[in-house]
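The chain below stands alone, shown as structure tokens; this is the form predicted on its own.
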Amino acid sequence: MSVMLEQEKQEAEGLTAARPAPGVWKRLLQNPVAAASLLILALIVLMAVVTPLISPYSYAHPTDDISAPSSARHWLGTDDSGYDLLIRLAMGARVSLSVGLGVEILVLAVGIPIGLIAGYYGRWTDTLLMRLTDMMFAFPDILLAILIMAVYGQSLGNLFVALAITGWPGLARLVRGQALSLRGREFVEAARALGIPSGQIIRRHLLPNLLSPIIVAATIDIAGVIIAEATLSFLGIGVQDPLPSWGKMISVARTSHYWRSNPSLVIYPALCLSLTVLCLNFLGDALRDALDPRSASTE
């Protein structure tokens, strides 16, 4: 009898809801928009990683070439302070991508557990956690981030915390809704009937089946974090000197009024910011289609 119960328990643990069909990467690359987005993002990452290592110029120290045009010495020219634009753009890419990925990791670390616990246990646990989430939604994201930065100081660490605090409620809501739809499925009911602990059910049954929407949401959220960081830096309360940021580069060029005679000071960082955000959004949409198991069934 104990052997039969053990076999039934193992079978129940093996039951899962419909997961993404194989061939996700293949379907993603077959999408021309997704493939182009991946290529552009790869080039931006390559610029952020390689350029600071091989460039003879420093992002923190200006050169003697003031307002130099594009040349063999300065591929994208220099600004009115003598900074090489290419190295500043590369470091801005490094900062933006680091902030986007770092903040999203914090958002996932907070939003996923809250959403899973609220969706699985329900009742007063769900009510308490969702009212906390509603309180966070009551504050405008950027204004709350500005308040946190003003109170605790303008540093890269505080920027991570401020953007993470404003970012986790949306993900928690998404995970909670998905967990609510899964907790009544047959494989979860079977696991409960066999006495499998709730923590193990959440970890082995709910979470794996939530990976697809979480991956899609995280990809799109990174774009939002990058925009938020650029906005805060544009306002002067984000990334601080000597680190450059695409938003701060646009702000400095705008306030100096030098961009009227040299619009590339605004065009280059704005183009990098726009391309990164657009590619992440396009990639998120393509991932949504590629991770949908119904898309594989129609092939």
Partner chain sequence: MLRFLLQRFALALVSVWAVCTLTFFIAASAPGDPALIAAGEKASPAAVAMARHDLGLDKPVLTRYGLYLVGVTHGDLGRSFLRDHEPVTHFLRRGLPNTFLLAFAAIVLALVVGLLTGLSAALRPNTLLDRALMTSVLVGVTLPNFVLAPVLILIFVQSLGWLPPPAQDNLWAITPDHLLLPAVVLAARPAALIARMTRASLLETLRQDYIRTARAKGLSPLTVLLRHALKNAFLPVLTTAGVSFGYLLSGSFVVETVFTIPGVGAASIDSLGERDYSVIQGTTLLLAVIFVGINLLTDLLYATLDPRVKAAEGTA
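Residue numbers count along the first chain shown, from 1. The structure displayed is predicted, hence computed values, not measured ones.
The following text describes the form predicted in complex with the partner chain, which does not appear among the structures shown.
The three marked residues, F234, G247 and S274, each reach the partner chain in the predicted complex, with a heavy atom inside 4.5 Å. Think of it this way: in the predicted complex, the partner chain has a heavy atom of just one of A190, L156, A150, L106 within 4.5 Å, and the residue is A150.
Screening L182, I227, L171, L210 for any heavy atom within 4.5 Å of the partner chain in the predicted complex leaves a single hit, I227. Using a 4.5 Å cutoff between non-hydrogen atoms, P263 counts as a contact of the partner chain in the predicted complex. In the predicted complex, the partner chain sits within 4.5 Å of a heavy atom belonging to D141.
At the 4.5 Å threshold, heavy atoms of F137 reach the partner chain in the predicted complex. In the predicted complex, the partner chain stays beyond 4.5 Å of every heavy atom belonging to I66. The stretch that touches the partner chain in the predicted complex, counting heavy atoms within 4.5 Å, is 234 to 242, out of 24 to 32, 66 to 74, 234 to 242, 48 to 56.
Residues are counted as partner-facing when one of their heavy atoms sits within 4.5 Å of the partner chain in the predicted complex; in 277 to 291 these are V277, L278, N281, F282, in sequence order.
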